[in-house]
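Take a look at this single chain, the form predicted alone, given in structure tokens.
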């Protein structure tokens, strides 16, 4: 194949708990991950064979993103091209739609899309589990981004248990005019001092029972204890989401994106329009769970 196109879906965390900090520096987590209908478009084009080595060019619609080995998409391609001795020149084109540095795994999703795309383009025959085992070496979120959907994520994020699709609802996402470093958040998290932990088991039961309200009331993210303290605007957006009709609202991942779950499309549209017109939100979307397209 000379050309493949893959959608790289963003994610939100319906629940995010940190159990402890491990001796190796990683944090042991327990999370409910959910794909959303916002995605980057990732295209891979075969440009020709080379006598030795490989060449990877990256093009993106955002000029501030790295287009060299510092880009996870580049690392994903290099990993497979080195392992399978693929002597060729490829171009990876990424149209970013997922907010950057937003707690939605945009970079990890692009990385996962490239792993899947290279596997398909060159007929490598790697299974999903094969791709996950390679992806985790590049980032803890990447195995989930390869799988997608609704899942319980444990360990450092690499132990995945698929769950039924989340109950149908409308999701409004809002990213304020700030970027948050994941490293900063985890460095400043005091996992052994946390007094609150999300009811992950209760949320799993609610999802299994297709109980939207049971799921929504159990939204929780312990990383808010760090990010909200540093950036109070995050709590302001959460409160405004609820005032405008969200059943519940929390921050996704390490932030700063906030999302609200709505049971009524008109309330969701009302919140979307108001947040988009505000002076404190940079990007606002209305979408749904799963791997559907952005709705509006």
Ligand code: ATP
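Positions refer to the first chain, counted from 1. The shown structure was predicted, so the numbers you read here are calculated from the model rather than taken from an experiment.
Omitted here: the form predicted in complex with the ligand. The next part is about that form.
For the three residues 227, 237 and 283, a heavy atom within 4.5 Å of the ligand turns up in the model of the complex in no case.
With the partner omitted here, the stretch from 76-84, 129-137, 189-197, 103-111 that lies within 4.5 Å of the ligand by heavy atoms in the model of the complex is 103-111. The partner is absent here; in the model of the complex, the one residue of 171, 94, 90, 151 having a heavy atom within 4.5 Å of the ligand is 94. 99 is the sole member of 176, 157, 117, 99 with a non-hydrogen atom lying within 4.5 angstroms of the ligand in the model of the complex. Using a 4.5 angstroms threshold between heavy atoms, residue 11 counts as touching the ligand in the model of the complex.
Although the partner is absent here, residue 72 lies within 4.5 Å of the ligand in the model of the complex, judged by heavy atoms.
Residue contact with the ligand in the model of the complex: residue 249 places no heavy atom within 4.5 Å of it. Though the partner is left out of this view, residue 66 does reach within 4.5 Å of the ligand in the model of the complex, counting heavy atoms only. Along 131-163, one residue reaches a heavy atom to within 4.5 Å of the ligand in the model of the complex: 141.
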